[in-house]
Ligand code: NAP
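Next up: just one chain, as structure tokens, the form predicted alone.
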Amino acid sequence: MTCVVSKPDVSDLTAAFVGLGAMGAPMAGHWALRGYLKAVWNRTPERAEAFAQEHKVMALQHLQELPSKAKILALCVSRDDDVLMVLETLLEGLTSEHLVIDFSTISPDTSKRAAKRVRGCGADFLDAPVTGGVEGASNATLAIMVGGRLESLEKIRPLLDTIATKIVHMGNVGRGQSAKAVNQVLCAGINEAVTEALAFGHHLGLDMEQVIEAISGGAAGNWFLDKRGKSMIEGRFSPGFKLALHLKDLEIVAALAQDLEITLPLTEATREHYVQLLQQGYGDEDISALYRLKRPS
């Protein structure tokens, strides 16, 4: 694709959103409620149409239309290849007035490749992975780790403030994704610890609702125990954060660790457990499905 090359200059905050999944839909919804959102596109057109009708925005049939409808183009898709495909389709319409912000979780190297392509058109690019789960997206309490030019971040901070309570500029493009990789390592370790501890409590014959209530207020309390503990012991594993997607993120972590020539034993254990669960058909369940491998039979 060819594009017009000039200096970036985002002049307004009209936004379009690509990817209306479990995270993207509520995030885009907050923008729509505040009048920022003009258009959406989703791989499944029916989902885009339903969202557009609910929020009184445009559902576009073709990705190529997005740059003509908005200056801020936001992505929230699943995988590296999805990000690159979307951007290749958008490139011809990008100008110096556009800013692409990618909320997806992908590798730092892919973010750098994406930024190079976007900046080659005179537009700018921020990698801005989020954390906080579906609850954070729905309640506008996400944390965002941003890589890219600080001046571009500041121009769209009013947009980000509508979906997040914490926004941290991590440095150059790719640094946001590096920080998200750290986050995913922590999520893996917490998942292992919480599921193992609750299974241990079951083996001890304790009332697990009482256990969760007792420990949630102490040093062992954490977000995952609070949000997933009760559903886990009841055998409910609806996402949430899909196990298959966390496995994808941990594969990114593994590649980074290999490049650094370091080992992450706990993360590797979680990857192995997730592969087992994926093979058993639980990839679309919440990551708390790890409890399936540990609870008493």
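Treat the numbers as computed from the prediction; the structure is a model and nothing was measured. Residue positions are given as counts along the sequence shown, with the first one as 1.
This protein has a second form, the form predicted together with this ligand, left out of what is shown; the following refers to that one.
S.K.: Which is the contacting stretch out of 31-39, 255-263, 237-245, 54-62, given heavy atoms within 4.5 Å of this ligand in the predicted bound form?
M.R.: Correct option: 237-245.
S.K.: May I ask you to choose, among Ser78, Ser138, Ser152, Ser178, the residue with a heavy atom within 4.5 Å of this ligand in the predicted bound form?
M.R.: Residue within 4.5 Å of the partner: Ser78.
S.K.: Going by a heavy atom distance of 4.5 Å, is Leu278 a contact of this ligand in the predicted bound form?
M.R.: Flag for Leu278 set to no.
S.K.: Can you tell me whether Leu186 touches this ligand? I mean in the predicted bound form, with a 4.5 angstroms heavy atom cut-off.
M.R.: Outside the cut-off, so no.
S.K.: If you check in the predicted bound form, is Gly148 within 4.5 Å of this ligand, heavy atoms only?
M.R.: The answer is no: Gly148 has no heavy atom within 4.5 Å of this ligand.
S.K.: Is Glu192 close enough to this ligand in the predicted bound form to count, meaning some heavy atom within 4.5 Å?
M.R.: Although this ligand is absent here, Glu192 would stay clear of it in the predicted bound form, with no heavy atoms inside 4.5 Å.
S.K.: Each of Ala220, Thr270 and Arg292 near this ligand in the predicted bound form, meaning some heavy atom within 4.5 Å?
M.R.: No.
S.K.: From first to last in sequence, which residues of 14-51 have any non-hydrogen atom within 4.5 angstroms of this ligand in the predicted bound form?
M.R.: Contacting residues: Gly19, Leu20, Gly21, Ala22, Met23, Gly24, Trp41, Asn42, Arg43, Thr44, Arg47.
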